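In the block that follows, a single chain appears as structure tokens, in the form predicted alone.
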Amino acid sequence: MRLETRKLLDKAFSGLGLIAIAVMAVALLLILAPIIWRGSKAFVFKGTIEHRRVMLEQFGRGNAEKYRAEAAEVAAARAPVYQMLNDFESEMKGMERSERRAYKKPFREVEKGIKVLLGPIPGERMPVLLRQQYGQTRWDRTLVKLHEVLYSEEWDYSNPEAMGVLVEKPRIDLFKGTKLEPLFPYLEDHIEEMMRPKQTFYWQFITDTSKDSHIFGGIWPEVLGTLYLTLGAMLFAIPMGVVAAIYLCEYAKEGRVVSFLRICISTLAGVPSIVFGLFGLAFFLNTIHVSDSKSVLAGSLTLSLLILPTIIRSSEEAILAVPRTYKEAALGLGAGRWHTIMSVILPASLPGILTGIVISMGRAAGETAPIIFTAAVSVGAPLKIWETLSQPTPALPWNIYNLCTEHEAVDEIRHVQYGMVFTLVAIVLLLNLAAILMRARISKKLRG
């Protein structure tokens, strides 16, 4: 090959490599930017007085005297709202039966919307559900609920050749000339006085437990459960994976059996994760009964099998990459095979082994399917270490899926969903960073 052609090909490959790196960087930015932006709103947002009330009553956090003074001012701002509701209810009693019937349903919708917006009406019986005992805790959701009180939604099917069109109609038009008419402009003009939004930094989102299925509180049980499952999986997978790699590289004789084992390992690396979940349910729970029901132990064992092929293959490649002269020199000095492996080969191959561990750790932390059947529950308290042997746990991957697809108030807790995703990404990055720093430190020691 001519020199000019070779230089041209080198430049072409270098350019393609740079383009690939740029594309990966842009893709990563497009994926992470929305997660970081929307996930950060779980920590930094405008909290209303209802949020401060929840913090004080449910978590014992906040200045009680300052809250009482603020609550008195808020109660004065809300009083006209409740007065107008009472006045209109009294007005309805003097109406004709047909007129009263026409107003009844729209009025109940307005009353229900105000309860969702501001909380229970004073003097009424306290609701059982925690979410119904408080108004909106976040300013962005307050504006959404205010809009729902001010406007009703109807579908317009007047055009037979087109699909129905959603039309918003001001509710004030339904109550023209009644005592409820002033309510709507009052709500719109005084909503800030009634809710008192303040910029809030809620770092306890990580350390608080959830209340009422994540309507209030934080995600500490899910964070702790994810750490338990990830570290438990690595605890089982790393020794088994490294020992298996040592056997295949240093002890096993090449032949059909070893070739078959390597094929099996490579095949297991591509098996869908849901298969491992079903295997964990069938074997660890139903056959050998590592626990009576779902548990962190069963989930960790299942995840360890999932990441085991990756650790074996990466460890094997790292061991094979150690120069043969290292082994020959150690054996020539009189060291035995096992002593050579432990004191020469493993330290030299450790950076490569840690690379496989880093990749496996990220996968174990983010897997959902294997823990559905073996370890994960939707809600639960933080577990003590000894409880992981017999108890299931909430975990970020499963709870993210659960909150996004099955929660009855899915639109109310978008910030929790994105906050969980943001936290999971941060945990994976921190675990990987710790492993990378450890690998770099070991490599530096080996270089002297």
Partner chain sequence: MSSAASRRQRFGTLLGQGFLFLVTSLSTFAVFFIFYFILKDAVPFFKEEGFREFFTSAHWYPSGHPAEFGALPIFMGTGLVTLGAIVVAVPLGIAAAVCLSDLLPFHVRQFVKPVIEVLAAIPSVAYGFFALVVFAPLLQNHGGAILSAGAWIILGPILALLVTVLGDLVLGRFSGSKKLGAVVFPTLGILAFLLIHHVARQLSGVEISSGTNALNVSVILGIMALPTVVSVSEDALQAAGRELREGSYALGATRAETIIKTIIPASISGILAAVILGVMRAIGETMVVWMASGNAARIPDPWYNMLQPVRTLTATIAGDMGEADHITGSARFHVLFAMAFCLLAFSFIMNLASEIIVRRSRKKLGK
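These figures come from a predicted structure and were not determined experimentally. Positions refer to the first chain, counted from 1. The term rigid core refers to the maximal set of C-alpha atoms that superpose within 1.5 Å between the two forms.
The form predicted together with the partner chain exists for this protein as well; it is not shown, and the discussion that follows is about that form.
Student: Given that the partner chain is left out here, which of 224, 369, 345, 92 has a heavy atom within 4.5 Å of it in the predicted complex?
Tutor: Contact with the partner chain in the predicted complex is made by 369 alone.
Student: I need to confirm a contact call. Of 373, 184, 175, 220, which residue comes within 4.5 Å of the partner chain in the predicted complex, counting heavy atoms only?
Tutor: So the residue touching the partner chain in the predicted complex, by this definition, is 373.
Student: Kindly confirm or deny that 272, 305 and 418 each have some heavy atom within 4.5 angstroms of the partner chain in the predicted complex.
Tutor: Affirmative, all three are within 4.5 Å.
Student: With the cut-off set at 4.5 Å between non-hydrogen atoms, does residue 333 touch the partner chain in the predicted complex?
Tutor: Although the partner chain is absent here, residue 333 would stay clear of it in the predicted complex, with no heavy atoms inside 4.5 Å.
Student: With a 4.5 Å heavy atom cut-off, would you call residue 382 a contact of the partner chain in the predicted complex?
Tutor: Close contact is absent here: in the predicted complex, residue 382 is far from the partner chain, nothing within 4.5 Å, heavy atoms only.
Student: Heavy atom to heavy atom, is residue 131 within 4.5 Å of the partner chain in the predicted complex?
Tutor: No, residue 131 is distant from the partner.
Student: Would you check, heavy atoms only and a 4.5 Å threshold, whether residue 203 touches the partner chain in the predicted complex?
Tutor: Output for residue 203 is no: heavy atoms all beyond 4.5 Å of the partner chain.
Student: What stretch, of 324 to 332, 280 to 288, 116 to 124, 185 to 193, brings heavy atoms to within 4.5 Å of the partner chain in the predicted complex?
Tutor: The contacting stretch here is 280 to 288.
Student: Any residue of 305 to 340 with a heavy atom within 4.5 Å of the partner chain in the predicted complex counts; write them all down in order.
Tutor: 305, 308, 312, 337, 338, in sequence order.
Student: Please check if residue 257 moves between the shown form and the other one, taking a CA shift of 2 Å or more relative to the superposed core as movement.
Tutor: Residue 257 C-alpha, core-superposed: shift of 2 Å or more.
Student: Core aligned, does the CA of residue 266 move at least 2 Å between the shown form and the other one?
Tutor: Yes, its C-alpha moves 2 Å or more.
Student: Does residue 317 count as moved between the shown form and the other one, where moved means a C-alpha shift of 2 angstroms or more after fitting the rigid core?
Tutor: Comparing forms between the shown form and the other one, the residue 317 CA shifts at least 2 Å.
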